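This document opens with one chain alone, in structure tokens, the form predicted on its own.
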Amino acid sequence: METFVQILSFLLPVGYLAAFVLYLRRFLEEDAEGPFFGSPLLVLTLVLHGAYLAAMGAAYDHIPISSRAEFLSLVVLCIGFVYIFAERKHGDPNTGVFFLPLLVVGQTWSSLLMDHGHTHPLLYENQVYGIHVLFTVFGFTSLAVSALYALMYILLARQLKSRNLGLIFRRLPPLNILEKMSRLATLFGILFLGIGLATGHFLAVYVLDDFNLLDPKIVITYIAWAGYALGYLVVKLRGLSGLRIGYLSLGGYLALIAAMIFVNTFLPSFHSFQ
């Protein structure tokens, strides 16, 4: 099993890189015709990635989230699955060039840093904690996908406004499709992150007696979830749309990332990896 894990650890970055080359080639072609093999290759790589994490858990007897490398690999898998779902929804693979580089860099970094020789805290072997982390990661990555679609919306809208109809105008889907995908990813992010927070709260109250609910990272996550949920309802009920919403979505996620970086750097947190 360990040999299988090591082989996949090498193959996954290669698979994501090969898929990115196919996506980039299609994006740059003036008249893309014929079958596109990038999407099937990406799906195959994501399936192998899921098998990789499952095999890692079986080989080393722990949920594969107890180190930065393992956590990063899970983030890459979540981004890939959220993106491929969105691609199937809008049917246009040209947005893939914005997402695939994240998968290539993230999994390459994870494979290079992977080390199974450390001791794993018992908490990371708790089934409920695994569910909590999985949904929380899916929530944050869904919000990241939403922010990237918002970025594409902003780039395309600015090209249209300046009448400089370049490569982005010719390759990206229409503005309404990008906005729809951004909102769909935001909705998934709110739902997944909500489940992650609920399972984390259950774990804190009923499993860990000394768990601190005022942990800085938990507080920021609750604030972010409430802000996104309230913002989504306001935008939905008032029928708001346009460039300002794109800036709001992108700016909100960048603010969240900045807050998380600040907490990880300057404040102690239970969730910090050793």
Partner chain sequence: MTPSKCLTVISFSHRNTGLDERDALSFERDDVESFVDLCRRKWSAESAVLTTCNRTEFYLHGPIGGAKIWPRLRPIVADLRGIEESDIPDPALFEDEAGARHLFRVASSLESVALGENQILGQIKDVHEQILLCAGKSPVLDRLFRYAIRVGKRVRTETGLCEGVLSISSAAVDLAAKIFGSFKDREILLVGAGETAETAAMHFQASGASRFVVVNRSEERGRTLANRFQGRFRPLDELVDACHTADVAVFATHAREHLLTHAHLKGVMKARGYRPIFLIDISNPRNVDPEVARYDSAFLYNIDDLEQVVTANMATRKGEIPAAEEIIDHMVAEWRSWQQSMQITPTISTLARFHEEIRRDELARHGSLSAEEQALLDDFSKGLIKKLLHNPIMYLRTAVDEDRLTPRELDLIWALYNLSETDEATDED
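Positions refer to the first chain, counted from 1. Being a predicted model, the structure only gives us computed values, none of them experimental.
Beyond what is shown, the protein has a form predicted in complex with the partner chain; the following relates to that form.
Chemist: Report the residue, out of Leu113, Ala198, Val128, Leu160, that has at least one non-hydrogen atom within 4.5 angstroms of the partner chain in the predicted complex.
Modeler: It is Leu160 that has a heavy atom within 4.5 Å of the partner.
Chemist: Could you work out which of Gly242, Gly50, Gly227, Pro40 is the residue within 4.5 angstroms of the partner chain in the predicted complex, going by heavy atoms?
Modeler: Of the listed residues, the single hit is Gly242.
Chemist: Only one of these stretches, 150 to 158, 129 to 137, 75 to 83, 188 to 196, has heavy atoms within 4.5 Å of the partner chain in the predicted complex; which one is it?
Modeler: Selected range: 150 to 158.
Chemist: According to a 4.5 angstroms non-hydrogen atom cut-off, is Leu175 in contact with the partner chain in the predicted complex?
Modeler: Flag for Leu175 set to yes.
Chemist: Is there a heavy atom of Lys89 lying 4.5 Å or less from a heavy atom of the partner chain in the predicted complex?
Modeler: Although the partner chain is absent here, Lys89 would stay clear of it in the predicted complex, with no heavy atoms inside 4.5 Å.
Chemist: I'd like to know if Phe202 sits close to the partner chain in the predicted complex, meaning any non-hydrogen atom pair within 4.5 angstroms.
Modeler: Close contact is absent here: in the predicted complex, Phe202 is far from the partner chain, nothing within 4.5 Å, heavy atoms only.
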